[in-house]
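This document starts with one chain, in the form predicted on its own, laid out as structure tokens.
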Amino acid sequence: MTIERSSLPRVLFSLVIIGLLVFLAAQFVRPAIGNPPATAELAAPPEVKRVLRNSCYNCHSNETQLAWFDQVAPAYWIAARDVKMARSHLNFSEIAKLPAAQQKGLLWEAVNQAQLGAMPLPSYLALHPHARLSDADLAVLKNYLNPPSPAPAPDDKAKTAADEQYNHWIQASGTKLEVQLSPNGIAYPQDWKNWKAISTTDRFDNHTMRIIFGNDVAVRAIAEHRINPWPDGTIFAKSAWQQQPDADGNTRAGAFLQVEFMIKDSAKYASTRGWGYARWRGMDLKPYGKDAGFTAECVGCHNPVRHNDYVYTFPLEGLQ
């Protein structure tokens, strides 16, 4: 079918009218955002709150203030979706309801994402450049989260207790432990203590040390330089220990705190970017998470390194 040239203006006019009507109708489809009262706002120094209000509160609090261009659909729909998701993960108006350790963990993740350029979202910054975090802003947040705490003094009782715990841990290596499944159904990998150590990290702020172990698939992938992406079957175990100084000034592993795992299976864990996550805490190996939804925390934390297959770990020199 062809359109006569004389009728083309009428067709274009009709399309414009239809488009305008659709646009106007879209303005009446407005999912509620709402700003309920702040019931448990973050308690932080004024300089910290200033940075967070400028760069984070519009999505991560009950104080959302939309610019005029955010009020127009379909931009409004995107804003409503982003605010809902942001508040569900981290809401500065309600964060004080959580235990102090969980609050700090969420703030650690937020700062980590900010310094890696993942937050605020690049798409948000394109239209809201004032929300960009400067180096000075990041320094304020880091100083708030990383106040150097006094190093623990040598403690013979703590050292002895850690030694006894470690001996018990080693003796249990050859036995099958009765450990509950992670809330998302992942079973505790019983033999991870026999895997090869591939990297280490430490947290100077809370005096903990972490060792990252890799299973045979991970170690082989490192040797063959196939780590981005990591092959299916790769498993990492990151164990955390309290730092324990001795009378000679040496720092050694103290009490065991937790072990967490990343398991690569592109098909099975497609909904969490190809990785399965699980964590067990304490010597009684209590599974972490109230339900399977805890993995959203893990995916969010690892999203800034999505270009490294969601893995923060870089193998130690000599392993590659």
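Worth saying up front: this structure is predicted, and the values here are computed from it rather than measured. Position 1 is the first residue in the sequence shown; the rest follow in order.
Omitted from view is the form predicted together with a small molecule, to which the following refers.
Here the marked residues M85, E260 and V311 all reach the small molecule in the predicted bound form, each with a heavy atom within 4.5 angstroms. The closest heavy atom approach of T201 to the small molecule in the predicted bound form falls within 4.5 Å.
Taking the partner from elsewhere, Q244 is found to have every heavy atom lying beyond 4.5 Å of the small molecule in the predicted bound form. Mapping the unseen interface onto this chain, Y76 falls outside it, with no heavy atom inside 4.5 Å of the small molecule in the predicted bound form.
Contact between L90 and the small molecule in the predicted bound form is found at the 4.5 Å heavy atom cutoff. Though the small molecule is absent from this view, in the predicted bound form it lies within 4.5 Å of a heavy atom of just one residue from V217, V140, L121, A96, which is L121.
Listed residues W108, Y188, Y144, W192 were compared with the small molecule in the predicted bound form; W108 is the one with a heavy atom within 4.5 Å.
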